[in-house]
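Just one chain follows, in the form predicted on its own, and it is written as structure tokens.
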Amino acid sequence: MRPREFDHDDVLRIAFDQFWRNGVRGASMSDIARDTGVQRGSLYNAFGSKEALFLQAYERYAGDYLAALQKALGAGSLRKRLTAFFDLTVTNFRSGTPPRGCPTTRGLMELGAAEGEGLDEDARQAFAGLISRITALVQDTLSAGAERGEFNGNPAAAALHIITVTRGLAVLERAFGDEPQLRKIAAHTIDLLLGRTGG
């Protein structure tokens, strides 16, 4: 068997940028081939389909994003950890030129958009899986904060609330592109959970 003629990780990174900017339906294998410098046929041989390429690229993104979130949630007071979490979230939505928004929220909105179109159940599970893993990280952070006396609410319910706010922020970012507004909402959410002077 002859060796691969391209760097698998580079292809996933470049392909994901296309999917993030254009959505899965809007991204084409021709554009991905052009941007990666890999023949379309080689992409199909390596990944099988555009959807399969997306799923591998999304899983790579999810791993990188979770690692960044763990770092953001890893140090300081609970207020500092939650502030770092929201900072990373908003920065992620606003990355790219023009800003690319949230790939997970965008992908979820594409699911079943039209009969026979959109993404399949594997994609839905990948999106839900990342949201669940983010929720678990936030819940663990809140539980640890509760043990330190920085939080007296229900960590599971509060984590779901925070994740719901991030989905809303993703939609507002697409609608208005107003980063200061997003950061104000994030700060207010933290104040609601911890109190204005707590944490």
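No experiment lies behind these values; they were computed from the predicted model shown. Numbers follow the displayed sequence, beginning with 1.
Quick note: we don't show the form predicted together with another copy of the chain, though the next part is all about it.
*Asks:* How about L108 - does it come within 4.5 Å of another copy of the chain in the predicted bound form, if we only consider non-hydrogen atoms?
*Replies:* Yes, contact at 4.5 Å.
*Asks:* At the 4.5 Å heavy atom threshold, is P99 in contact with another copy of the chain in the predicted bound form?
*Replies:* Yes, contact at 4.5 Å.
*Asks:* With a 4.5 Å heavy atom cut-off, would you call L69 a contact of another copy of the chain in the predicted bound form?
*Replies:* Outside the cut-off, so no.
*Asks:* So in the predicted bound form, is another copy of the chain close enough to I185 to count as touching (4.5 Å, heavy atoms)?
*Replies:* Residue-level check for I185: yes, a contact with another copy of the chain.
*Asks:* Please determine, with the chain shown alone, which of 166-174, 138-146, 43-51, 56-64 has non-hydrogen atoms within 4.5 Å of another copy of the chain in the predicted bound form.
*Replies:* So the stretch in question is 166-174.
*Asks:* What I'd like checked is whether H161, Q181 and L192 together line another copy of the chain in the predicted bound form, meaning each has a non-hydrogen atom within 4.5 Å of it.
*Replies:* Spot residues vs another copy of the chain: full contact, yes.
*Asks:* Listed by sequence position, which residues of 122-143 have a non-hydrogen atom within 4.5 angstroms of another copy of the chain in the predicted bound form?
*Replies:* Contacts from 122-143: R124, A128, I131, S132.
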